[in-house]
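Only one chain is shown below, in structure tokens, and it's the form predicted on its own.
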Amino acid sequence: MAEHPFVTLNFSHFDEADMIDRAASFYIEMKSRRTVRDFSDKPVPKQIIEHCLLTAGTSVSGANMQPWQFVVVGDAEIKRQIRVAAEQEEVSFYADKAPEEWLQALAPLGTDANKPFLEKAPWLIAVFQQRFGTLPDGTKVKHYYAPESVGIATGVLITALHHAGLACLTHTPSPMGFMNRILHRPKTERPFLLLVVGYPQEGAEVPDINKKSLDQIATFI
């Protein structure tokens, strides 16, 4: 197996006081992030989305295979097609597929099968997981840890969008095979989720919820 070349790590060093300040200020910034369901139709410059996607592309992945594909949709007709297909799946989900326990968990959030944000928001980003890749010599290779890698990259993307001043919503209608059909993606790509991106509507409201405290999510030993 050919060896990969190595380069010297480009790493920024800060004194501990600066590190604490940077960590704390970033937490404050991210603490304000909320999932939004009421979007404005105000246009968002494509360049902002491009930079956020480049940031997502810096994410860690198994063997650096980078098994993700982001399909960015701004076309009104394609967004309409996605909404129609997604709502068909959502109607079935709420009526037949969802266990009662899950419906009860969703109830405080006020969600239902109607998804107008899929048309109103300026951008939809369909995230796909690539199950296989192709090396420069044409060899087909399996992507290991693909779901984990795509999940991490999606988290980086959500963080980048919030940092840029945008709101987003993760949408996961099930099943999502319609995304391959509408967006003309190959069968080797599996829909991971649909990210709705834009500015929140003026006066948008969000559920009054809290996040777990540090001692509830972390254990130091």
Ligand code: IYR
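Owing to the predicted nature of the structure, the values given are computational and were not obtained by experimental measurement. For every residue, the number given is its place in the sequence shown, counted from 1.
Separately, the form predicted together with 3-iodo-tyrosine (IYR) exists; it is not shown, and the next lines address it.
Of the options Q88, Q104, T134, T111, which one has a non-hydrogen atom that comes within 4.5 Å of 3-iodo-tyrosine (IYR) in the predicted bound form?
Checked against the cut-off, the match is T111.
3-iodo-tyrosine (IYR) isn't shown here, but in the predicted bound form, which of 75-83, 89-97, 125-133, 147-155 has heavy atoms within 4.5 Å of it?
Among the candidates, contact is made by 89-97.
Does at least one non-hydrogen atom of H171 fall within 4.5 angstroms of 3-iodo-tyrosine (IYR) in the predicted bound form?
Close contact exists here: in the predicted bound form, H171 approaches 3-iodo-tyrosine (IYR) to within 4.5 Å, heavy atoms only.
I'd like to know if H143 sits close to 3-iodo-tyrosine (IYR) in the predicted bound form, meaning any non-hydrogen atom pair within 4.5 angstroms.
The answer is no: H143 has no heavy atom within 4.5 Å of 3-iodo-tyrosine (IYR).
Can you tell me which residues in 27-54 come within 4.5 angstroms of 3-iodo-tyrosine (IYR) in the predicted bound form, by heavy atoms?
Only R37 sits within 4.5 Å of the partner.
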